[in-house]
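The chain below stands alone, shown as structure tokens; this is the form predicted alone.
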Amino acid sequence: MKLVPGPASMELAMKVSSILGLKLTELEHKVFPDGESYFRYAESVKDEEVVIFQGTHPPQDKHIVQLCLLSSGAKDLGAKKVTAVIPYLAYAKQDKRFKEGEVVSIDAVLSILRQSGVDKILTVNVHAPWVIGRSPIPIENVDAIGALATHIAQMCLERPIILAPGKKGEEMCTVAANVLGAEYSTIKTKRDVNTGAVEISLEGVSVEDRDVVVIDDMISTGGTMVKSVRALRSAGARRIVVGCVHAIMVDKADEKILSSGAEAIVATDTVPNKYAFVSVAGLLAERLLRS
């Protein structure tokens, strides 16, 4: 097995290589003045199983193209199998045609990766897990919610209740609640397909004088989380901790969440960020050993 550190996920690749006791494959990389990427495999990958670590977090398009270059290059150089470790898989929010004429982005991205030589994808908490069944590439989806909850459990919460928004909320809450030994419920959400605005509701949820953990698979602009935190504050929550797997944090989303009343943000290292108190390296290393 050859571990290849793509430029988007070098630190995570180093952690996994240390756990597995495998050295990283030497890779030359530079960016030309016009912005195009150059790669050179400095050692042979012929007849090898190549594992490329390359997240597709912002800038998504650049990171996807880099992954395509690395995977197609590996196959052209004789690699017998290419596994793409994509800690955060971009474009999964557009998983269906919400309005007539829309491009289903995740289907297009998966097709491009398949044509670029990717034989398998290993990812973490894909935003739309239902796309796995129709993907042209086998996708193995690792769940990091339990690891996230294990870290949060050390924060001395009193009478905690776990909440999560959206249609995946109950599943995420169940996993976190089992770790924390806590009650759980969901935050009801409704998104306007034209404006993207999200309405939230705490109907049936009692949080007065309780510590609340709000978890989600990803935080991008933070709009839904900010509304949730404000509503929880108004409903009398004592402490509010926000947990997410993928901390994209566009346009100072983290600052908005904290200023709205959250005490802390806990995230993983799928995306490089300052709240990455939890590493998914162990989870990824374990799955790679099985494959």
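In this text, residue numbers run from 1 along the sequence as written. Please read all numbers here as calculations on a predicted model, not as lab measurements.
The following text describes the form predicted in complex with a small molecule, which does not appear among the structures shown.
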| item | value |
| --- | --- |
| Site test, His127, Ile219 and Gly223 vs the small molecule in the predicted complex, non-hydrogen atom cutoff 4.5 Å | yes |
| Heavy atom within 4.5 Å of the small molecule in the predicted complex - residue from His151, Arg210, Lys120, Lys168 | Lys168 |
| Contact residue in the predicted complex, from Arg191, Lys96, Lys80, Arg159 (heavy atom within 4.5 Å of the small molecule) | Arg191 |
| Interface stretch in the predicted complex with the small molecule - options 132-140, 160-168, 179-187, 105-113, non-hydrogen atom within 4.5 Å | 160-168 |
